[in-house]
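Read the single chain below, which is given as structure tokens and is the form predicted alone.
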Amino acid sequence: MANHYRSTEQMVIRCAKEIIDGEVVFAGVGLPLLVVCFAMRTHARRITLLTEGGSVRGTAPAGLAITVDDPVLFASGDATFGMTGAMAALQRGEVDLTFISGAQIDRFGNINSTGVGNWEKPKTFTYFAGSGGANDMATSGKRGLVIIPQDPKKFVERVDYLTSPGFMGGAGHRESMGMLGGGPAVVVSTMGVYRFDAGSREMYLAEYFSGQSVEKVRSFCSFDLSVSRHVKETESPTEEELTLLRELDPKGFYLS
């Protein structure tokens, strides 16, 4: 086991293990690109990677992708259909896993990447990048994976703006809106792993990372976080995993 690593490194390595070999994975901008690349070089060598920029590939990119239309995603790739073709794959139900991040997430897995503040009072609202394809991904993918650093301002009772739907207001809400996808399945942060109750559709803590505790994780959420009766400590990353990850991001663009 490794003794020295960043919380972001454990987050990326643990998150990658939620990707199942052979899946069609639609990855969003930011950390998801690094996670998928790591997965493609370890246990998930037979996945198909799609991005909003239109790249389609069955092999890991040769370098670190910074955006969803980064040239490294297209170089030696298998195909490109452009943005319209990539998004159409979602609508046809061809995507097994959608993978996004965001600025805020709430107890029902709703994600905000639009801005923070009071939407009804424009002067109080600070804008971010916005949805991009994240709304389509969250709405139509068969299951969703979310990666987001732990912070009380990020794990909130209710997102300031609902950019990408999770389970909306709770059980049955997605279905009543006619959404195609199954909603978020797993959230991985810098402190632990979260899943969603099959009945209430609320997030609960399933694992906490080494060096953390249930109490500490709960203190980094701005809502009353539920905890699994079978909550466990996540295994530390191995030296081999850390070495590979650091080779993928040698300058710490994502990991620092």
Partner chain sequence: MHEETKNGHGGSSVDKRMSLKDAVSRFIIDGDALYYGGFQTMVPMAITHEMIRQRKKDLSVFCTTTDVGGLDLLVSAGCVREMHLAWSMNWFARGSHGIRRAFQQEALKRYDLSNFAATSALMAGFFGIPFMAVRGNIGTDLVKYNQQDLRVIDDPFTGEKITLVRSWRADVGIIHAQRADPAGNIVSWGTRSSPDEFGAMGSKRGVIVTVEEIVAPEVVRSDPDRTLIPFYKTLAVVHCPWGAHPSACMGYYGQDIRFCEYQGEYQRNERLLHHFFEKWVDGCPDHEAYLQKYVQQFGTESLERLKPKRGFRPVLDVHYTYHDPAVWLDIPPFADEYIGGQE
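Positions refer to the first chain, counted from 1. These numbers come from a predicted model, not from an experiment.
What comes next is about the form predicted together with the partner chain, which is not displayed.
Q: In the predicted complex, does every one of 102, 106 and 151 come within 4.5 Å of the partner chain, counting any heavy atom?
A: Heavy-atom distance to the partner chain in the predicted complex: none of the three under 4.5 Å.
Q: Taking heavy atoms and a 4.5 Å cut-off, does residue 66 contact the partner chain in the predicted complex?
A: Judged by the heavy-atom cut-off of 4.5 Å, residue 66 is in contact with the partner chain in the predicted complex.
Q: With the partner left out of view, is residue 82 within 4.5 angstroms of the partner chain in the predicted complex by any non-hydrogen atom?
A: Heavy-atom contact with the partner chain at 4.5 Å: present for residue 82.
Q: Any chance residue 172 has a heavy atom within 4.5 Å of the partner chain in the predicted complex?
A: It does not: once the partner chain is placed as it appears in the predicted complex, residue 172 has no heavy atom within 4.5 Å of it.
Q: Does the 4.5 Å heavy atom contact test between residue 202 and the partner chain in the predicted complex come out positive?
A: Heavy-atom contact with the partner chain at 4.5 Å: absent for residue 202.
Q: Among the candidate stretches 22 to 30, 224 to 232, 186 to 194, 209 to 217, which one is within 4.5 Å of the partner chain in the predicted complex when only heavy atoms are counted?
A: Of the stretches listed, the one contacting the partner is 22 to 30.
Q: Even though the chain is shown alone, can you say which residues of 123 to 150 have a heavy atom within 4.5 Å of the partner chain in the predicted complex?
A: In sequence order, 123, 125, 126, 127, 128, 129, 130, 131, 132, 133, 135, 136, 139, 140 come within 4.5 Å of the partner.
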